[in-house]
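In what follows, one protein chain appears twice in different forms, each by itself as structure tokens: structure 1 and structure 2.
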Structure 1
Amino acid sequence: MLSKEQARFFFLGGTFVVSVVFLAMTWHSIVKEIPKQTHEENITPEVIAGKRLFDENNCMGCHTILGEGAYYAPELTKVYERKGEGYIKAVLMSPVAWRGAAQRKMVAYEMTEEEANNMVAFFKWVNEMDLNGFPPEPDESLQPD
């Protein structure tokens, strides 16, 4: 059985050791792993402009990306892979509200060619991130016949 002084030392020593391990793992993730997984060397001015447009148009008000956002409209993390550049540009540049497969309307943003290209660059960069298998592939056995 530990004395009161030993228990205090055990608690404080354990807290210190766990804190140091936590800080070391955090530093390793931020400095080594995140840049490698996100390919930050591929961030171009077009990608930055696309992200800015994504935020200004409140796309996360309806969509999710990287698991964050609303669940009203489709997940956009792998939209570049699923739909391709032409489809994305057509939706963003459309002068009429776009109606997808789920029959939900998307705002007609009527983006310019440059704005649509910037959004495509942003979606392409997100698509190329190493997300450790996120989002998972859909289970085809759960799809209705």
Structure 2
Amino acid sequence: MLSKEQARFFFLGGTFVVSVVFLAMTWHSIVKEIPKQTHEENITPEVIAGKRLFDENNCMGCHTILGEGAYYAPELTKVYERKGEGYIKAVLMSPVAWRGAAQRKMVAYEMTEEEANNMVAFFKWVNEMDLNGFPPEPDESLQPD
């Protein structure tokens, strides 16, 4: 039967090995692959300013982006493509709470033109990432003709 010493060795040894592999993969991802897949060269000061606004207002507390966040308001990964620049700016600059089809209200952020442009830059950058196929295309066979 397994002894306590062997069990401890299994725990410490196993943890050490997987941690080293995990750190090595992390390194490879962040140095080699993520810059390519996310077009890091396109992260302009406007994109960064947009991301800061996205964080400061906790947009993720209602929406998802890259599939992460809350499930109360629409996915924003492809919002640039789906709605376009004009619509996005209208929502963000609106002085009254924006309402979607489900009668849910958004907070009226009353952003300035510049802030709204930065948000659009951020969404455009996110829109162009290679996300390994996310979000999935709807099923052809289920479409009404």
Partner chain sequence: MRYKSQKVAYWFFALSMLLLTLQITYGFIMGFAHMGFDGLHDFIPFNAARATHNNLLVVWLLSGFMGAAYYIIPEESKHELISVKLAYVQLISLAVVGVTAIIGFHLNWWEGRKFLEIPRELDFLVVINVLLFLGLIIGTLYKGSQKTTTSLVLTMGLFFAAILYLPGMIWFDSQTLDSFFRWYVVHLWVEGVWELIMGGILAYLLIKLTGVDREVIEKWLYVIVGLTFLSGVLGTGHHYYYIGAPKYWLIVGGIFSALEPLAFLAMALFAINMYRKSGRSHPNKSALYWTIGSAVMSFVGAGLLGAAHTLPQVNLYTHGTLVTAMHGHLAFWGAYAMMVLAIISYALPNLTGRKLYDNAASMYAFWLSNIGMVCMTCAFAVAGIAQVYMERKIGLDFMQVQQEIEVHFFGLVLAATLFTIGICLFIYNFVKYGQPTDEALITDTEQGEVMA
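For residue numbers, the reference is structure 1: its sequence is counted from 1. What you are looking at is a predicted structure, and each value in this text was computed from that prediction instead of being measured. Heads up, when I say rigid core I mean the largest set of C-alphas that superpose within 1.5 Å between the two forms.
In this comparison the chain labelled structure 1 is the form predicted alone, and the other chain is not.
Comparing the two forms between structure 1 and structure 2, the rotation angle of the smaller rigid part against the larger comes to 20°. For Thr26, the Cα shift between structure 1 and structure 2 is 4.2 Å when the rigid core is held fixed in the overlay. Here the rigid core is superposed, and Phe11 then shows its C-alpha moved by 12.1 angstrom between structure 1 and structure 2.
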